[in-house]
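One chain comes next, on its own, written as structure tokens: the form predicted alone.
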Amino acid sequence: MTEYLVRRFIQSLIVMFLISIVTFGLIHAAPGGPTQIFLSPGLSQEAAKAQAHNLGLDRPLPLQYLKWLGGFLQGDLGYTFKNHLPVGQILWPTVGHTMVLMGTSWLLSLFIAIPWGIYNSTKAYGWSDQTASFISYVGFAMPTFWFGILLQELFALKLNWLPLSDMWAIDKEGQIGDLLLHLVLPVSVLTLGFLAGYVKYARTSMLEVLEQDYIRTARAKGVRESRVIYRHGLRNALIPIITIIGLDLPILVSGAALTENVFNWPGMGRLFVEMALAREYSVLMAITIVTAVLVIVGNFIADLLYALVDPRVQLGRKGGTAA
């Protein structure tokens, strides 16, 4: 187990290093890179060179990367070009706001989807299963921004039951009750998207497990059906679900850009769109790296959960399987 953890940690560091190099190179290779975007128009050639030197944009690209990497390893994410504000000062508050929105949607969808998928696997093609299939089709097919606009039109503009957008009302910032009201519409949009996948994965995974020989043997021995499903079946059915959950972990912080923009939610997804339009490459770089870290962490946690859920998965042992 220790050998496996060390090996995965080293692999993660290598992947992070490669991602940072590729991202840094792509950002600086984009049309209208930092040198063109952030130099004041109308400057003389000498003044332009001086400004580029002050911004560190006249150095060779490898040296710029090494400077960024050294600062990153010390917790310094850099500064914005236009206002020279610390990137962390802009980024970290939006991470918290996104986690409130995405975490609520994610947990709500899991609490609904997994029990519902398990139930539908025991009542395949019944009315509940048909309803779940319809919701899944709608969730996959309907654009999130369009669904969000429909909810705003109905519940905020016509019925005036819920706030139209933002995280708090102007005069109620920090109040839990007002926050909950502002969460209803965006959480509804995001939960539908999560449900579309989770219900189908839970149902399909359970159906495959319930057709296995050891399940038929347990039933033939007279084991209670609830025990067959939850003790013998669910544990094995959770493995593909854990995979999907692990891959979705970065969404909790990176956010859903379209939903956050539709509802004017001050999160990381909206920040990414705003910074892309403003071409604030230092902020985009930080968001990309944070998301990459979460992808790696999500996969790492999923691997550990495999071993806890299924004893047949032996991490780091000779002859075993590393998920």
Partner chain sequence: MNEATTQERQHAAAVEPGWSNRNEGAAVSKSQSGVRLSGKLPKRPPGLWRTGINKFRRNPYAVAGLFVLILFIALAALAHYIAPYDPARIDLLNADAPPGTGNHLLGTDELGRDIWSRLLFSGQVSLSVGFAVAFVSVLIGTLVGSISGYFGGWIDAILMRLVDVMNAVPLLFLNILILAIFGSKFSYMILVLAFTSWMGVARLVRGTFLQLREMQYVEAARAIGVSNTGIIVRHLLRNATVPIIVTATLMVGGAILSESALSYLGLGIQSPDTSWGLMLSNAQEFMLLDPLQALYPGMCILIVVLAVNFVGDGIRDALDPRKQPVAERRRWSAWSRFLRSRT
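Everything numeric in this text was worked out from a predicted model, so none of it was measured. Positions refer to the first chain, counted from 1.
The discussion below concerns the form predicted together with the partner chain, not included here.
- Note on the interface: of 82 to 90, 67 to 75, 130 to 138, 167 to 175, the segment with non-hydrogen atoms within 4.5 angstroms of the partner chain in the predicted complex is 130 to 138.
- Residue in contact with the partner chain in the predicted complex (any heavy atom within 4.5 Å), chosen from Pro143, Gly96, Gly103, Pro115: Pro143.
- Using a 4.5 Å cutoff between non-hydrogen atoms, Leu108 does not count as a contact of the partner chain in the predicted complex.
- Shown alone here, Ser188 lies farther than 4.5 Å from the partner chain in the predicted complex, counting heavy atoms only.
- Proximity of Arg279 to the partner chain in the predicted complex: non-hydrogen atoms within 4.5 Å are present.
- Although the partner is absent here, Arg203 sits close enough that one of its heavy atoms falls within 4.5 Å of the partner chain in the predicted complex.
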